[in-house]
Every structure is written in C-alpha cells, then in structure tokens.
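The same protein chain appears twice below, in two forms, each given on its own as structure tokens and labelled structure 1 and structure 2.
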Structure 1
C-alpha cells in the first residue's frame, strides 16, 4: 500500500478517546475543541492500518453531514490519503450508500440518519455520530445493534456533541454509565492553544464565543450541560412535541407563518391543522442573507410543480418560477392564510412574488405567548395541540450552524427565555414574567403568529388583497 503521512497530535480528551476501547464514547465539549477532527482521525487511522474495516460516519441529516463533517474529513483528516489515492470517494447508488473506499479494502460509509435504512442494513466495526445531540435514543440503539463486524479487536460507537440540557438522553446515557463521557476543552485544540498560550486564532475564536449569552454561552463557550433558566416554553418536551414525519392528509388546513429578516434569519413555517385543531409544523425554511423574492421562489418550488416547459429551461420540465411562461400547479393545498410581520415593503414584495395575499400578524406578545403555552399543555385527550415534525427544516443555514446560533424553530424553543434585566438578575430578583428576551426569537415570533391567528379571534382582520 502507498505510504501516506498523517500529521496529527491528539491531546486531552482526544488522546483519551484514541486510547479508549469502551463500547461507547461521548466526546462532549464547547464549540471548536477538536471533537470532530479527533473522532474522524481515529476512524481514518483504523481504516488505514487494518484491512477490511467497515466504519460508518453519520449525522442526523444527510445534508448537514455533507456540509460540515465530511468537509472536515476531506480537508483536515484524509487530505493526504485522498491526494495519494489511497482513499477514494464513491458517490453511492440505488443499492449502495456513499463511502470512502480504502485501497486495503476498508471503507467508511457515510450518510444521514434521515435515510438510514441502506446505511444500517450491514455491520460495522466503528461508528462516529457527529453532533450527536440531534439524534434520538432510538437512533443510537439501532446503530449499536449494527456494531459487530469483527475486523477490529473492539467495536465502538464514538459520539461528538456540544452540551445541551442535563435532561437530554445523551447526558442521561452517560450518567447511567452506558457511555464513557470525555470532556473536550479548547486547550486540547493546538490550533487554539499552543505551547501553553492561546494562539491569535484561538483568542479571536474565544472572543466570538464570549458574545453568546445565557445557556447557549454556558454550553458553547464553557462546555457545560445546563438548562436554560426562565424558559418561556417550560412545557416544551421533545419526547412529546417532536413527532416523526408523516404524510399530511390533503384535507388538513394549511397555514404559512413568516418572520422576515436579512441579517437575522427569515423564518417561513408551514403548518398543517388536523380536524381536531392540532397544529403541526411540517416544513420550515430558516435562512439568513437571502432576498425576499428568493425566499418566495424557494417556497413556490416546494408547493408547486411545473406542468409546461418554461423559457428559462427549455430542455426540462424544471420550473424557473421567474418567467411568464411557467405554468404551474399546486402539489399541496394552498394556505388558508400567509401570516406575516408588519413591515409594509417586505410584505408587498412577498405578496408580489408568491402571488398570494398576506395577513398581518397579531401583534400582542404577551397574549400570543400565553396562547402558545396553552397549546403546549396536554388537552383533555392527553395530547398537546402543537407539534413539530422531525426533519421539518428544509436546510440548515451553514453560517448560523458555524456560529453556533439556532438553526430552526426547534433550536430556538430551548433557549427562548424571559428578559430578566441585568439589574434584576444581579439582585437575584424573580424575573418579570411578561417580556421575552429579544434574541434568537424569529421562529418564536412566527410560531406565535400562527397560534394567535387560530386562538386569539374576535379582532378585526387586516388582510390585504
């Protein structure tokens, strides 16, 4: 086999991870401590050194794996081996999942747990789950049953994650002794900390994390498993309110709710209402730095299809949604209302491009929040009246993801807190329970709009045609 050079020095938790033969390891730590690089390196070296090893690298969704973990793998971990053609990427087929194939017969299969059937139909020696906080306990239990290929002297599940609330199933798994918890620190990453001091890059990186606030800062800057204090939606429970995707029946009413931004994300939520009035968020767009007209086009592409060839694309039936020649038909019911915030100009642009009228959102924050809280509580039948479908997010915004900011409504809920005011906080006073902190609240606003539209009736409707 051609020799390849690997330059990597594991430190701290990464070194412990390299040495560990535990069945399950959880590498937990603040942002950028070297968790992914360390775990990817362990998997890569195992495949280089031992023939016919089968490894698996996954993240919750295929798209997020490709956009983050696999970029790190190609650029920081396997670059030399790929250049020397010791490792080749195979893009996958209908029968076989995508994989990095090693010249000694080893392979790393890669993919998302959102399309896991093909990935999990075979057996593995090693599995690395990146951003494991996104997975469910069932995802992990299924993976563990596939770890029995027997090419290595040990079989191992390695997980890397930023911390979350202490109630999270990963923390519970570690507490119960099912996995070895390793705390990865910024000092473990030589790019940030070298020869006993912070590098220039390290200082700038930590400064960025210092600007985070609340529980997010405790988790991403200091690597702590903490709950957010003063949560607005205390009743939110992923085990109850997050549901597996299902085909939404055609006769359920649809509502779209929009919170527009540019530097802040624009959030577009697609809600379906069942015959008993329960709301399900079944699709969501959450994206920064995108023009309203581009958002509108993206929306139309998910709900309409082209039934004629349009001018911009003569050779296929793909619809450009920009030219007059596009003839489209709806693939799902039209929304009963498109509820938006109040900015007149943005609303007008959105209406023009969607060719739909919009309804101005109910403005009250306090009563809107109360209406959402009421929906999160179990109703008479024991079920709440608001749910989010797993995988509703169409695509993760890479910039928000890299900055460790919320990337979806679901991400926002667990950090949406009451504004306690610094003075009150310092004096140890109880938070004033009427105004939320105006931070990372774009999905929160859109969710409030749709609930207020349904539940806070009896007011004049402002609908523009």
Structure 2
C-alpha cells in the first residue's frame, strides 16, 4: 500500500468541524477563514482512511465548482496523494459522473447541482456543499436523502458559506436546529495568522476586506449575517428570481445591454424575452481592464461560429476568428437592440467591431428603477417578469474576485442600496429614497437599461454595418 503524507492543522471552527458527527454542519464566516479547505480536508482524510467511502463535492453550478473548489482540492488538499497516485481523477462518462478515485476503493464524486441527475442517483457517506448560500433549501433536502452509504459510523452534510441576509434559508436552518452552525475567524487560517501575529499576506488580505463597505463588509470582513439597509430592490428573492439554466427557444426576442468601463467593469448582458414578456438574463460578461474591441470579439465568439476553414492560417478550427478570411454564421438570434450607455467613442468602437448598431440607453434612474421594481413583483399569474439564470456569468474576473467585490449582476443586487447621504446622517435626518448609492452598480445600470428600453417606450432598432 502506498503511503502519503498529509500536512494540515485544523484550528478553531475547522477543528470543531473535524470532531463533529452532527448530521449537518454549516461552516459560516468571513472571506478567507479557511472554511472550504477544512471541509475538503475532512472529506479527503475520510476517503484516505476508510476503504470504499463514497463522498460528494458540489456547488450550485458545475462551472463554479471546476473554477474554484476543485482547484483548491487539487492544489491545497490532495496534491500529495495525487502526486503519489493514491488518488486519480476520472473524467466521467455517460454512465458515471466525474470523480476522484482512491486506491482503497473510496471515491469523491464531483459536479454541479445544475447537472444533478447522475450525481444524486446513488448513495454517499459525506457531502460537501461549497458556497452553500447559492443553493435552495430543496437542494439540501434532496442531498440529505442520499446520505446513507453506511461505510462510516456517521453520515454527514458539510456546508461552507460566507454570510448573507439573516432571512436566508441557511440561517433559518441553523436557527431551527437542523444544522450545527460553526463560526470561523481569520485567526483560524494559518496563512493569515501564525504564532500570534498576522502574516504579511494576512495584513494585505484584511486591508482589501477593510476597503469594502456596508453589508458586504459586515459579511466578508466580520462574518455577520446582516441585511443591507435600504435595499433598492427589496422584492428580490433568490429562491424566486434565480432559475436553473435552460435552452432558450430560438423564437424568443434577444436584447443585449452594455455598461462600458475599464477600471470599473464592463458589463455585457444577454437577455431573452419570452412570449409573455418575461425577461431572462441567460448570459453575462463582467470584466475589468479589457478594451472595448476585445469585449466585442469575445461576444462574437460566443454567438457566432466559423463555417469555413481559415485558409490564411491553415486551420480547420470552427471558432478561430483569427483573420478576415473567417466566414461566420450566428448560432443564436441577433439582438433586437444593443442598448449601451452614452460614451460616444466607446459606442462607436463597439459598433465597428460587433458590426451592429447600438441604441443609447434611457438614462433616467428613478423611473428605470421603478420599472425594474415592477418586474420583480409577481404579475397577475403570480410570477415576476424578470429572472436571472444560475451560471449566466461566463467567467469571474480574478481581480474582482480576489478583492471580494461583486463579479456579476447577481452579486450586485443584494448590496444595491439607497444613498443615505452623509449630511443627512450627521443631522440625524432620514434622507429621501430618490437615488441609489453609486458603488458596485454596473450590472444594476445595465439591467435598468434593458428594462427601461422594454417598458418605458423607445423604438429599438438594429442594422448591419
């Protein structure tokens, strides 16, 4: 039997999690406290120690799992075991999901809850749900029914999350006694705090978190379950307005909405409108420090494919877009309008590279917000008229992600608040709710543009250049 050395010192909440045999554990705490590493390590050690253990590691979407959680598992948790070939990755097949297979017969199945059919068709001893705040209560209840493999003396659901509003189902689950809540601190992470002192990395990391504001700072810096005061979109409910991905029918109208930036992110939203007028954000690009023409190229690669070989570059790629010789076709309907902010130079650049005209956005903030608020409320059929698909974000901006700033419209909406006004606060007065705080609102602006274009008049137009 091949031996492998695992070096890990659980501290604080992570140590309590290792010792606990509760049916459900919720690791809650500020960003960077080591919640995910601790939970992954417990699952990994259980599989190393006991033959034929079956474990499951999931996030809400497959894409988010592969981009973050599995990177952490490979690099910080199972690196030695993988190098010693005690653990090997199996990429999956039509019959079996992807998994890390252990030489003793144990296995960790991995995947996203957006592809849950095969994942939840078998039984497990342990399940780790990373970024559990993204899940629904129904997701967790379904997972619990699969924890009955019986190879360990206990079966356990482990969840890790940064806090959200106190009304979230995870906090309510803990309050009801359904799961054991463990609060992790930055001092629990030896990379941040060692031998009674903050490390150089720890000081720099906390400095980034200290630059946050409002509820986001309370949650990410101090690990508090708090609501954002003065939310603009109070009707927003992730359980209602976030929907699982689906293939958008070809006959649904498409709208693109663009808020341009460089140091601040450029946001490009792809919306589909169903026959009843409901809007679905099905794709989003949200990125900083990228030129407008590069954004345009990324958009075209997403909605077009090359249908002829690129002779100049002697390639048979069907998605090369490397020279003017590429002949392309659209893979989804053209947008009825490309709605942008009013920067003339950037609009012209975008039009030139997209080969589409753009429509200047309706810039009224108050009436635009009211139009979005109206769409978030249930209509006559009991359903709202605005939704965001889970996993709509194409890729997370690494700099924004490292700074714990919003990386998508979904991230922004729960921190989008009314500007209370410093002078009014100092005078002890309550300022009027007439303007939102101009901070982390780029997706909010783009969302307001498309709703205003759709609901507040205007005659959208598009032409090929």
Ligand SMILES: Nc1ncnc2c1ncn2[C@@H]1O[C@H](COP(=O)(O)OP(=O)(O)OP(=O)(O)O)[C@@H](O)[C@H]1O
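Take the two forms, superpose them, and find the largest set of C-alpha atoms that agree within 1.5 Å; that set is the rigid core. Positions refer to the first chain, counted from 1. What you see is a predicted model; the values in this text were computed from it and never measured.
A.B. asks: Just to confirm, one of these is the form predicted together with the named molecule and one is not; which one is it?
C.D. replies: Structure 1 is the one predicted together with the named molecule.
A.B. asks: Considering the two rigid parts between structure 1 and structure 2, is residue 192 grouped with residue 353?
C.D. replies: No - residue 353 and residue 192 lie in two rigid parts, which move independently between structure 1 and structure 2.
A.B. asks: How much does the smaller rigid part turn between structure 1 and structure 2, counted in whole degrees?
C.D. replies: Rotation of the smaller rigid body relative to the larger: 10 degrees.
A.B. asks: May I ask for the C-alpha shift of residue 378 between structure 1 and structure 2, in Å, based on superposition of the rigid core?
C.D. replies: Taking the core as reference, the C-alpha of residue 378 is shifted 3.6 Å.
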